[in-house]
Each structure stands twice: as C-alpha cells, then as structure tokens.
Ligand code: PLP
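First, one chain by itself: the form predicted alone, in structure tokens.
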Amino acid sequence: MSSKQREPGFSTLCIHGKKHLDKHESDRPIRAVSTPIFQSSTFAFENVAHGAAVFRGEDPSYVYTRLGNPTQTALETELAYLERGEAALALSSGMAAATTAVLTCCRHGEHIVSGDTLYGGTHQLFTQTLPRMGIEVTEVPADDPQNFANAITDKTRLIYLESPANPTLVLTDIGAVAEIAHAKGIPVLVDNTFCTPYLQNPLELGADIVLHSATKYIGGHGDTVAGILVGKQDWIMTARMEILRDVGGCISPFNAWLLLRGLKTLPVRMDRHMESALEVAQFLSYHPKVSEVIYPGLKTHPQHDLAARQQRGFGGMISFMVEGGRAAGEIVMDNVKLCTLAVSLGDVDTLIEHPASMTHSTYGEDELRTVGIDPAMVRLSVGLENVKDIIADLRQALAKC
C-alpha cells in the first residue's frame, strides 16, 4: 500500500478549501466554518515602523481593501488552487479582469492576437478602447492554431483565447497555441468562464493566465458580479500592485464571500448543468423546427474530439438556429415561459438570449457573419430546473413558429 497521501476530490476541495491540506489552518484561534466577511475599508498598523514596512513591501499585512482583504484572499487562495496556479487576483467584474490582464501584459505600441469570437464586451475593448491607448489587437479564427502563428509580430505581447467561445462554442487547441506562443516568449491567456476549473484547467494545458467572469458559474446564482485572474505569483503581484492599484477595479468583501459560497456547490451544479444540457441538445437536434444545434457534447459538433481531450465535460451552454431565421428565433424567445429572456449565463435559472442583438451587438453585421454568429442564433444557458420542464417550455415556444 502506497504511503502517499490521497488528495481530496474536487467536490471536497470546493467545500472545505485548500485549508483541508494545510494543517496549520487548524491552529487558528477563529474556527469559523464559513469564511467571515471582513467588511472594512482600512486596516490598522501596529506602529509607524510596521506601516512603513508594509508600504515597502516587506510585510504582507493588509492596508486598504482596494489592494486586498482577508475575504478576498480566501477566495483567491481557493481559485488559484482549483486552477492549479500559483496565485489569483479577484476583481470587480469579468471586464475588470480582462482589462487588468491586458494592461499588465501590454503597453502603448504593443500588440495582442486573439480569437475572433469573443464576448461582445471584450470585442469592444479590443476594437474600440485599446486602440485609443495605442494597443492594437488582431482577431483570428481560433479553430486553427496556425492562424495565431501567422498573426504574431515582434510587438505581440499576449495571446488571448476563449475556449469554448461565446456564443459559437468554437474550441481552440490550447496546448498547440501555447507551444507556438512560448516559442516566441509570448504568454497565453484563456477565458475559462464556460468550463470553470471543474471541467478544464488551461494552465495544465500550457496556458499562462486564466480568466473567469466569476459572475457566471462560479457565483452560480445571478446575484453578484466579479472577475478572477490566475497565474504566476510575480505576474499576479504586478497586476495587483500596478494595474489594480491605479485603475481600482476591486471586488467588494461581500461579493468575494458570495463567490466562496458559490464554490461549495460548483461541481454539483456543473454536473446537473451538463446532464440537462445534453438532454436539451438532443431534443433540439431532432426537432423539425430547429435547423442546427451547437453543443460540444454532441458527436455532430466538429470539435467534439478536441473537447473530449482537453475538457472533463461539455458544459451547460447551447446555441441553436430555428428554421425561419431570425424572425422565427425571436418568436421562440418571446414565447418561452419557464426560460428567462436575459443575458449572462451560468445561473441556476435557464437563460435564453439573442447574441446578435444583445451580448454581441458590439459586432457589426459583417463581423457577425465573419465569426460565425448567425443572426438567427439563439443562445441557451441551461439551468437547474427539472430538465423535462425546460424541454416542455422550448417545445411549446417552438410550436408558435
């Protein structure tokens, strides 16, 4: 029998946290089962010398919640561990995380290569805001790693990926892109929002930075907005002490606590999201009024094998097209009764939306066609309701077409 200690399973770690492995944690005088909310903006110093040591970076004590807070630290510790990273930084939103990551890596006159199918807010950051700051972005089809190799210049400082992409569910071979980027000394960032650390660990596939819109599956209940970055300790410290310090996209202690609470049920929720999503995708695949279903868990998905290789599951997101085009899709969305017509995703509620006019309205008509976002596309975030009820709602809405 091996004497090596067995590492707890993912569900155990989500509930008990990294402290399950750190024996010294049990020596703390405060033994709260749930991490407390440290609702304080400011922290006192023992004396002037202590304060000076903190500001010189010689003492890790807390100063001001914009830079760090014990509740935030607890969240960062758990996410770094679940993503197999050295450190993490929690921020006020997914877009705060994206902006902080980009500004940590890039300066005026430098360049990013990204996949061409991105969350609409990220696309707008890349095409409207960053160029005003002197940072250029080239967006390329993300399904072929060679496209990234072809777009790299001597000024490229970051490769930015979403895999699976929002809303087309196009996957990128993360390992292949990382190999190309690292040969040029360029870091790779992967937005892992759709998969969460339960289904995919980009750092283990070769990426350098992981981003989450923690608003989605990590929070899981549609009641908080937040972002997470995970990476090397030195890189995270730079992001915190330069960009977060100066730009100020800090997370509140209460929101950090909500995310810690959400983490406890993440694997249970993701299992249910996936189980129901596959059943809904199969239903839609055989429905006579649905012309196409996009879900990596279906063997008809062109990248099903890649998804099976680099993910541990296929997620809870589906996109589909209704026969009759955009007008028919709008009829479906206007007639659902259980599903909620709303943006965002990863909620316990099933959410349905129209990417072309909502989450991805920052793309022009030509751009939508180029990146494969059909004007008829409907995006569905499958929730935790009884799957028979979700299917019944979609069936009655499709009957109205």
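So that there is no doubt, residue numbering starts at 1 and follows the sequence shown. Given the structure is predicted, the values throughout are model-derived calculations rather than measurements.
Heads up, the form predicted in complex with pyridoxal-5'-phosphate isn't pictured, but that's what we're talking about next.
**Q** Name the residue from 255, 193, 114, 168 that puts a heavy atom within 4.5 Å of pyridoxal-5'-phosphate in the predicted bound form.
**A** Answer to the contact question: 193.
**Q** Scan 373, 345, 332, 339 and let me know which has any heavy atom within 4.5 Å of pyridoxal-5'-phosphate in the predicted bound form.
**A** Going through each option in turn, the one that passes is 345.
**Q** Would you mind picking out the stretch of 87-95, 148-156, 102-110, 289-297 that comes within 4.5 angstroms of pyridoxal-5'-phosphate in the predicted bound form, counting non-hydrogen atoms?
**A** One stretch meets the cut-off, namely 87-95.
**Q** Can you tell me whether residue 215 touches pyridoxal-5'-phosphate? I mean in the predicted bound form, with a 4.5 angstroms heavy atom cut-off.
**A** Contact check for residue 215: yes, within 4.5 Å of pyridoxal-5'-phosphate in the predicted bound form.
**Q** Do residue 226 and pyridoxal-5'-phosphate share at least one heavy atom pair within 4.5 Å in the predicted bound form?
**A** Looking in the predicted bound form, residue contacts with pyridoxal-5'-phosphate include residue 226, since a heavy atom lies within 4.5 Å.
**Q** Any of the heavy atoms of residue 162 lying within 4.5 Å of pyridoxal-5'-phosphate in the predicted bound form?
**A** Yes, residue 162 is a contact residue.
**Q** Whether residue 119 contacts pyridoxal-5'-phosphate in the predicted bound form should be assessed with a 4.5 Å heavy atom distance threshold; does it?
**A** Yes, residue 119 is a contact residue.
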